[in-house]
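Below, in structure tokens: the form predicted on its own, a single chain.
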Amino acid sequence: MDIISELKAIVGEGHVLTDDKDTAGYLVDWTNRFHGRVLAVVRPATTDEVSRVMKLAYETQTPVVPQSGNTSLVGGGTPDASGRAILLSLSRMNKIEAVDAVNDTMTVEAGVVLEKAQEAARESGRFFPLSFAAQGTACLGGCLATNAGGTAVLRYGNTRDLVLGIEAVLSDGTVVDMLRGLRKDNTGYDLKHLFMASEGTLGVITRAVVKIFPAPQASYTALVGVEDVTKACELLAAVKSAAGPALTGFELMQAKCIERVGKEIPAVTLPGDVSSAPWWCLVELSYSRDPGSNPLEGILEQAFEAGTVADAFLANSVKDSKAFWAIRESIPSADAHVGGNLHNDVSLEISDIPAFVEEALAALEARFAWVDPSVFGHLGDGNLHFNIGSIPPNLAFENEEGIRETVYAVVSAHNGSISAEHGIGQLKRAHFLALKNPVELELMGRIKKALDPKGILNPGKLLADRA
């Protein structure tokens, strides 16, 4: 069987890419770390075409690597070097099919860019809260497949919390239609959640029904300095108590991270000197109706009086608020400017984070005295990006496994997770298999075998490949 000819018959000759110059952009991950080869890049336009491609792959036992925006930080959408796989790009499936402002739902195809989904909701007077730095490139299918997080998880939840229904194609081409916008449905297992965070190893997500919300009418932002992570957690608790569900974002950053942004990213403006505190919290409240005055002022006044806060900058305009968020979102880029950078995306119970940070920093200092940790992240939902930079840069990568083992050992001691929102992919696979509860791994393996009996979906990612 001539697979290439069969693929062209399904999706059209112009959408089966085999020349190196045409496939190159699909075969390198976002971090430029993982590189692969493929039999072909195939770009279907409909669910039916995806189904027919998968049926052909199943019959010929050809591996398939699903990919949408190709923004993975762990090599989750990059094929291996064998050249045997079909890379299934969902980029042509980019329609926003419906926005229902009564049911507060939006129906989208997997290739819709996240920023376009946000715009479509906004045009209907609604708000789609999933947001992170790569939103101009990342697509909804990948967000679902990795259960992406972002800056508004504290109030709205991870991606899986925003999804009411999905459509997915199994390894043999079977279409599973769960495309419902119901908020209550107790008719058995909620199968859609199997596909979220599965990283394309159980099926190809093709369409989804996601939640949208009334657009906030007012928001208030502050950059708040604290003496340590314990004080940051105390501030978080105080803001939660005072603001309740209005608390939308609560980010934590080392002062040196902010200073590095100011030095390395000239386009980003700092609000002032941040040397007055070693840690800073980015706090945002949002309201469906304008409360008339800035609630953060009173909350922070009480925090100053309690000794929780050392310094603060209040955003006085939308421009100021955007500038504060630009600082937070520019930290990874600033880190990349100064040398080798290793990403650690960990999750812990919020009450354990002060001890974790202290213990992890001490363990790294004892073993790798030259490391330059860059600690920041979503304190409000317990997710830290415990990153490592170094000068010269090669030191970080030569010692990468030891650095990860050191950080992950402290994560495990606190019963945390080594992946909060970026996924496992290729980067963390060995650590995931070593650290995950064996019973959970066994159950995952059974599910994988049931839904992908020939093991053709995204091989080399997440679970161990079966013989």
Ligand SMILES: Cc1cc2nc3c(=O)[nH]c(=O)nc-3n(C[C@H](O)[C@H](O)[C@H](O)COP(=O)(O)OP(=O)(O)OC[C@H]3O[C@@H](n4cnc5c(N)ncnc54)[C@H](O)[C@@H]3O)c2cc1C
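No experiment lies behind these values; they were computed from the predicted model shown. We number the residues from 1 along the sequence you see.
Only in words, not in the display: the form predicted in complex with the named molecule, which the text now covers.
Within 4.5 Å, heavy atoms only: does P66 come near the named molecule in the model of the complex? Yes, contact at 4.5 Å.
Is the gap between E199 and the named molecule in the model of the complex 4.5 Å or less for some heavy atom pair? Because a heavy atom of E199 falls inside 4.5 Å of the named molecule in the model of the complex, the answer is yes.
May I ask you to state whether V209 is within 4.5 Å of the named molecule in the model of the complex, using heavy atom distances? Result no; V209 lies far from the named molecule in the model of the complex.
Look up in the model of the complex whether A138 has a non-hydrogen atom within 4.5 angstroms of the named molecule, and give yes or no. So A138 counts as contacting the named molecule.
Between V338, L73, L194, I350, only one gets a heavy atom within 4.5 angstroms of the named molecule in the model of the complex; which residue is that? Looking at the other structure, the residue within range turns out to be L73.
Using heavy atoms only and a 4.5 Å cut-off, determine which of L270, A134, V375, I96 is in contact with the named molecule in the model of the complex. That would be A134.
Interface segment, criterion being heavy atoms within 4.5 Å of the named molecule in the model of the complex, picked from 404-412, 419-427, 37-45, 51-59: Flagged stretch: 419-427.
Considering only 139-160, what residues come within 4.5 Å of the named molecule in the model of the complex, judged by heavy atoms? The stretch touches the partner through C139, G141, G142, C143, A145, T146, A148, G149, G150.
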